[in-house]
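First, one chain by itself: the form predicted alone, in structure tokens.
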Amino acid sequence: MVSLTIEGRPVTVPDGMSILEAAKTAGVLVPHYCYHPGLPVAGVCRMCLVEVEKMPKLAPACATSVMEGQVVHVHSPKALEARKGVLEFLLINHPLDCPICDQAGECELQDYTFAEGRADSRYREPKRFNPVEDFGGDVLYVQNRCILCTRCVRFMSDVADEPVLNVSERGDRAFIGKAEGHDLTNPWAGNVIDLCPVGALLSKDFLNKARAWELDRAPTVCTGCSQGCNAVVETRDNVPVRLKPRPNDAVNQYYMCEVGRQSYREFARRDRADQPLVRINGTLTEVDWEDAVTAAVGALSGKRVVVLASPNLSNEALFLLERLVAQLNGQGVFRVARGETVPLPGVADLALREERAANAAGARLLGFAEVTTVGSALRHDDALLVVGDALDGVTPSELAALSSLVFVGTTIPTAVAERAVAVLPITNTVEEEGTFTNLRGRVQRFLQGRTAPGVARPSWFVLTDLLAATGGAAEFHLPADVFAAMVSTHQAFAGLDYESLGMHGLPVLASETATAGAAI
């Protein structure tokens, strides 16, 4: 360990740590552009210059290791003057188009110029202009705004292991170029947009949708696959418009894939079921919640019940379903969509996983059996309770022998519209609170990011009502209550609670069970 002083604050950090990272432990932000904790150090922007006593020149904090007894001044007049010069240089050709730039409000050049830059410009010549270039995939390159920090180049070379980008030309003509015949269609290429500290690399999908200050944000967990990448869901006027990665060293570091990013569209669907429905005279008709629950229980009573649960339901919902299956003496099954596994080479154990669902591991831990087809689990005259599953690919013939069908979900599949006795509308992941268990057995929380449509209720709330109506013991008022009951009855989750999970999660005791067959 090494002890030093940064801005008058004594700190003790591991030997070999950079001054920039050491300053973070002291609560001091050293301005920087090219440095990112998930990328190799380049030391090209010179924005992190600090004054170190007994050193003859200012030192780049990102590329200078701490030493015993060092005294570092981040905001000394000499360091401030140097960074002011860097900002003036960067703004020579950078357009002041903040009113139309998608990065406005999140731009580090904007922030540092406001904090430490000159109040005026000494540059009188016309600014250089270059056209916007389509980099392929979801990425636009606005060369005028580029400050050549090279974060995008290093990500594609050292993390994605696909060196598509480079610094072309030199001097004042330098720009980010693409290798001839290649573009940014890599499944992880969208991360260059997050890494760009200014508005040079933009998302075509998000372009002009919202300004940063119009967005509400909530921590969530991506439902694109079983990796369980930590994410932030951003909404404008209660409509999800973007998913961005949330750092978690144990799961996804700073990154997420394109499949995960685009999964926000599923949360923004407009064809939502938002009123409880009961079939009356052959037509699904709006009723109140009490009548819908009564009709649902009536349709399930006295029959062998098969519960088809979505592997994107929370642990809390699956736990209540497990109780409901036991109460009805039925069978609990789930299906998982599958696809190609796509690892991110530069980050160990991070990949777009084969299982395209967030909580298949949780479903297994809570006693649900995986099936490939719905029909394989059904017998003649069964009652089917579908919770969250969209019944994709299910043919009418597979449901023909059912005595009744009850649907608890967010959107109504065609097969349900034709057969359901009752429809109970529930919220999706960004409209409720709960936990998922990822393929490594890590239990992670997600929080509510928007209000539910109509009178749709959280899945755990609706399933509590169903359980109570069928005679089961269920008195839960919060998702934390359901989680506590699950922990008390399932050894695999022993010792966990919402407080200890925090927003980065903890592994379950039976993580080996959850990870079976999940290796890349």
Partner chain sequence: MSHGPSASGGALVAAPPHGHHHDEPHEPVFVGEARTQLDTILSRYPTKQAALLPALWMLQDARGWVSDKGIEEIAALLAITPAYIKGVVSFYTMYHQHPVGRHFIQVCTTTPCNVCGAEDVVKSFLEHTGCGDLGLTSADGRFTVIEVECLGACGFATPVMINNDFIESVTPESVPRILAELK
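Keep in mind that this is a model prediction, so the values were computed, not measured. Positions refer to the first chain, counted from 1.
Just so it is clear, the following notes concern the form predicted together with the partner chain, a form of the same protein that is not shown.
The candidate spot formed by Asp288, Ala317 and Arg323 is out of contact with the partner chain in the predicted complex: none of the three has a heavy atom within 4.5 Å.
A residue is said to contact a partner when one of its heavy atoms sits within 4.5 Å of a partner heavy atom; Asp392 fails this definition for the partner chain in the predicted complex, lying far away. None of the heavy atoms of Glu106 is located within 4.5 Å of the partner chain in the predicted complex. Contact check for Arg379: no non-hydrogen atom falls within 4.5 Å of the partner chain in the predicted complex. The partner chain is not shown here, but in the predicted complex it comes within 4.5 Å of a heavy atom of Val164. Of the listed positions (Ala82, Leu148, Ala218, Ala179), a single one reaches within 4.5 angstroms of the partner chain by any non-hydrogen atom in the predicted complex, namely Ala179. Distance criterion of 4.5 Å from any heavy atom to the partner chain in the predicted complex singles out Arg173 from the list Arg173, Arg269, Arg122, Lys204. The stretch in contact with the partner chain in the predicted complex, judged by heavy atoms within 4.5 Å, is 124-132, chosen from 124-132, 348-356, 411-419, 431-439. Contact annotation for 2-32: no residue has a non-hydrogen atom within 4.5 angstroms of the partner chain in the predicted complex.
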